[in-house]
Structure formats: structure tokens, C-alpha cells
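Given as C-alpha cells, the chain that follows is alone and in the form predicted on its own.
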């Protein structure tokens, strides 16, 4: 199974979800600012990487975990990925897409835009990190629901 956590830009919510899924972030406590520095691809993806599947790792059950920024076109991008898989002999149902956009809040949007679009990383990164911390419990719930739905045996499913 290929699990794809996706959000608008693929720089904050989806990398954090992937990190929780892979056990790189705590799921049973509130994260610290320093925890976000350890997240692969956090606050790093840029506009020309939107629509690209970025592999973050493989979970303990053998599932590949990806992130993807897909702007405002989730249905189109997801359909395209599934169709390309089908046309290349793959199984479209091997991809499981998880929308992380619902955790966005105004602090995340302000910080993410400042850091990624404007290039004001010194200002934007701490702001978007704080915004992601605010939404972290919702994000963990999304990841736990994904693990339950897929019947994956991971430590965070308890």
C-alpha cells in the first residue's frame, strides 16, 4: 500500500502527518518546537513540487508513506495518479490518499505563505510551526483514523 498524505502545498500538514505515521513525531503528547525540526520535508517543499509524490519512508507494516502538495485540485491530481498507475500496469487501489487540509488554521496559512511563497523563512517558519502545533491533536486523529481504516498494526493505533 502507498499511503499519500496530501495538503495544499505539501510543506506542513502532510509532512507532519507522515512523521506521526512513521513514528518520527509523538502521537501521545503535545510536540515541542524542536520536534518539528526532525520532520523530513517540513517547510521545505516549493511550488514546482506540487503534484509530485515525495516518499518519506516505509512504516513498520511495509507501507510506503508519501506526501504531496496538490493546491486546490485534489480530485484531479488523485485521479491522474490513479489513472497513470492503471495505464502502467499498476493497481490504482494500491494508493490510499489522506486529506490533511482540514487542519489548516489562520496561523498555519500566514506562516506557510510567509515562509514558502514570500521566502521569509525566519519569520514564517516559527509562525507555521506554532500553527501546526495548534492543530496537532486533529492531525494525530487523522493519522489514527487512517491506521484504523487500513487495519495497519502500528503502535499509534492504541
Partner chain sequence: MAGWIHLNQLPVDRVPTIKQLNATLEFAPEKYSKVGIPQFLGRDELNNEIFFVDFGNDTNLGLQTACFFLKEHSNLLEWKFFDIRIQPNTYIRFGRMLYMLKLANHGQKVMSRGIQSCYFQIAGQVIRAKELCKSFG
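This is a predicted model, so every value here is computed, not measured. Residue numbers count along the first chain shown, from 1.
The next section is about a form of this same protein that is not shown, the form predicted together with the partner chain.
- With the partner omitted here, the residue from 41, 95, 104, 36 that has a non-hydrogen atom within 4.5 angstroms of the partner chain in the predicted bound form is 95.
- In the predicted bound form, the partner chain sits beyond 4.5 Å of every heavy atom of residue 123.
- Not displayed here, the partner chain is approached by residue 70 to within 4.5 Å at the level of heavy atoms in the predicted bound form.
- With a 4.5 Å cutoff on heavy atoms, residue 57 does not count as touching the partner chain in the predicted bound form; it lies far away.
- Among heavy atoms of residue 51, some come within 4.5 Å of the partner chain in the predicted bound form.
- Comment: 41 to 49 is the region of 125 to 133, 41 to 49, 107 to 115, 28 to 36 lying near the partner chain in the predicted bound form, near meaning a non-hydrogen atom within 4.5 Å.
- In the predicted bound form, the residues of 74 to 91 lying within 4.5 Å of the partner chain by at least one heavy atom are, in order, 75, 76, 77, 79, 80, 81, 83, 84, 85, 87, 88.
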